[in-house]
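Shown here is one chain on its own, the form predicted alone, set out as structure tokens.
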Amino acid sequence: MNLPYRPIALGLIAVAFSALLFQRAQAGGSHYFAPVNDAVVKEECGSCHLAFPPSMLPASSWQRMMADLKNHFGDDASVDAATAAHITDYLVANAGDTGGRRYGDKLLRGSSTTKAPLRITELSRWLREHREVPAWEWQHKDVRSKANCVACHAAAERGYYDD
């Protein structure tokens, strides 16, 4: 390589490396979970609560949850069979132990993927991350539930769960 081109090549390498680091930082580090990008799932699940990123639970949890929509945490969230199949397929394909492994591994670490809870709020990593939140704060009128992520994580709908 000729000497005049060497600084340009080194500069391009530095820019590419910086872009890679910036992209990883933008992804939210260990608090980023790819948000739902399916219109049907966003509409059906997001009509009552945040459409939780599928990578937050293993496939077995999503399958169990979708199999009993008549009793969805005390509510009847039933949908027609075709819609249920579509949602189940999406959630399972992007679950934390399948297609969403890149994001879900950090939250599911230490949890059984075959006996994982149905509630994200019961995962050991979630409990560890939220252990300093006082009980009264969960009861606050703007929070009301541990499942109300957007009350504390303003960018949760975009997949960012940093404080």
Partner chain sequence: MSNRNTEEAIMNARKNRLLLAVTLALARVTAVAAPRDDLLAGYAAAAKKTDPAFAGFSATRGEAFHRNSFAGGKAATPTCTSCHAKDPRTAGQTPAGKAIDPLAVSVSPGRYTDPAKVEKWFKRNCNEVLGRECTPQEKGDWLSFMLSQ
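Numbering follows the first chain given and starts at 1. A quick note: this is a predicted structure, and the numbers were derived from the prediction, not measured.
Just so it is clear, the following notes concern the form predicted in complex with the partner chain, a form of the same protein that is not shown.
Q) Taking the partner as it appears in the predicted bound form, which of 97 to 105, 57 to 65, 40 to 48, 119 to 127 has residues with heavy atoms within 4.5 Å of the partner chain? A) Correct option: 40 to 48.
Q.
Against the partner chain in the predicted bound form, would S78 count as a contact residue? Criterion: heavy atoms within 4.5 Å.
A. Because a heavy atom of S78 falls inside 4.5 Å of the partner chain in the predicted bound form, the answer is yes.
Q. Within a 4.5 Å heavy atom cut-off, is S145 in contact with the partner chain in the predicted bound form?
A. S145: yes, in contact with the partner chain in the predicted bound form.
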